[in-house]
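The chain below stands alone and is given in structure tokens; this is the form predicted on its own.
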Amino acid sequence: MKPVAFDYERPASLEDAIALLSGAGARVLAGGQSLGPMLNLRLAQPELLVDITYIPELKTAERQGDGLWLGACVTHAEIEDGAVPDVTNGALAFVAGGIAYRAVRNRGTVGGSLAHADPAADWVTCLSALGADAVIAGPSGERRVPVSEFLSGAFETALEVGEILRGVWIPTLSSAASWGYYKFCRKAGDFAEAIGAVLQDPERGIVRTVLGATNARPIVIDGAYGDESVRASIDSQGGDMDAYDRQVHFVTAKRAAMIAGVRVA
């Protein structure tokens, strides 16, 4: 199949993009790795595509204060290749290198992945574990939402009409911080069936476990890792997971904790 007919605009500024998105039927185009197939299958039928890849400020990656700013159009490959500053002791580059295939990573973007809101995508789990914020711009100004709360459900986000994800802000990990990330999928490049991410940063008093590839937003567990607390969180927040899914998510979390060097109780 081929897409339905649509108009196409390539704004040069964030303000112009927001103005274009205020109309009904407008969709943002970034890397296009998810939206492109959806257009061809007519799962998405926008009246207008707003191509944001030529807006300079959305492609910036720089240290800001005690964290890292990543514009929405920074690609997975740029992170994988070390073209952006690292404030995560290697976590960002590791996760980026495991996303799909190199051809996808060359074009796919951080902002596009988050805004697509597939629960099985890597960045929503990784950035939730890191304590990152999604920075949203719209007609009423700018606001921040924790990435862990940015997804309101499968393929649904906190974005309102006319708003755009401008980028993400990631706090700097201390030199003593350790992390673990474990993804279970049938073969390399496939969508994950379960993701476990664990962050331990003793200097900042943070121990956090995140379970991704659920049926909705990630399951975030703050505090010391424990098998019982992870199982209880899966049982209470796992929705309609069956016994197999619950066990797979439990195991991915446990393996992530072991990689991070967290004592598994």
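Here the structure is a predicted model, which means the values were calculated and not measured. Sequential numbering from 1, following the sequence displayed.
Although not depicted, the form predicted in complex with a small molecule is the subject of the following passage.
Between the small molecule and the residues Gly32, Gly238, Gly67, Gly226, the one pair within 4.5 Å by heavy atoms in the predicted bound form involves Gly32. Of the listed positions (Ile79, Ile99, Leu151, Ile170), a single one reaches within 4.5 angstroms of the small molecule by any non-hydrogen atom in the predicted bound form, namely Ile99. Look at 172-180, 188-196, 81-89, 138-146: in the predicted bound form, residues with non-hydrogen atoms within 4.5 angstroms of the small molecule sit in 188-196.
At the 4.5 Å threshold, heavy atoms of Ile221 stay clear of the small molecule in the predicted bound form, well away from it. The small molecule in the predicted bound form comes within 4.5 Å of a heavy atom belonging to Ile52. By the criterion of a heavy atom within 4.5 Å, Lys59 is excluded from the residues contacting the small molecule in the predicted bound form.
The small molecule is not shown here, but in the predicted bound form it comes within 4.5 Å of a heavy atom of Ser113. Every member of the trio Arg27, Arg107 and Glu163 reaches the small molecule in the predicted bound form with some non-hydrogen atom inside 4.5 Å.
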